[in-house]
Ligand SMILES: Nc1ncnc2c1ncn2[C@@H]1O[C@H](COP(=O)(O)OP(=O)(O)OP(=O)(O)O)[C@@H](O)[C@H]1O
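Quick setup: one chain, the form predicted alone, written in structure tokens, and binding and motion questions come after.
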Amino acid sequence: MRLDERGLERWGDRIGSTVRAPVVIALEGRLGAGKSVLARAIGHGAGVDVPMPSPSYNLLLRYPAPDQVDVLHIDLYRIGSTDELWELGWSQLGEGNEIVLVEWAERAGGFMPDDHWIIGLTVPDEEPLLRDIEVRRVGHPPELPPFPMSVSVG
């Protein structure tokens, strides 16, 4: 599927408002691919009503949302090794009523939970304002809503 930024935000909003917690969603793609845009949209859809800056320097930011749900936004770009995951409380992630969003999840190696989604974002060379999106299910995470039926460009 290919979406522009507004389409990506709409789909993220739908994910946040409909997905059943606990859920872990890995966000993959190069710098500037839209991982943080999608994470903020998911948080907004879940009811987070404060700004959600990129957690690049904090590594993990937790946001309360309605219905006793927490949205965790994690950025693993700066970790040096998987040993650092445990300092984040990695073994407990996704056990509570949480929507866990992990940017640069590939840096977690084999330590991602058994049940999670992987959303890969790429910027097509011929259409730099669009994002190609690949969604992969690992194990049995809760369902995600389908992509928007219409894609607006521009």
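Note that residue numbering begins at 1 and tracks the sequence as displayed. In this text the structure is predicted, and so the values were computed from the model without any measurement.
What comes next is about the form predicted together with the named molecule, which does not appear here.
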Next on the checklist: Can you tell me which of 110 to 118, 86 to 94, 36 to 44, 58 to 66 lies within 4.5 Å of the named molecule in the predicted complex, counting heavy atoms only?
Outcome noted: 36 to 44
Checklist entry - Is there a heavy atom of L130 lying 4.5 Å or less from a heavy atom of the named molecule in the predicted complex? => result yes
Next on the checklist: Within 4.5 Å, heavy atoms only: does E103 come near the named molecule in the predicted complex?
Outcome noted: yes
Checklist entry - Going by a heavy atom distance of 4.5 Å, is P53 a contact of the named molecule in the predicted complex? => result no
Next on the checklist: If you apply a 4.5 angstroms heavy atom cut-off, which residues in 1 to 34 are near the named molecule in the predicted complex?
Outcome noted: L3, D4, E5, L8, R30, L31, G32, A33, G34
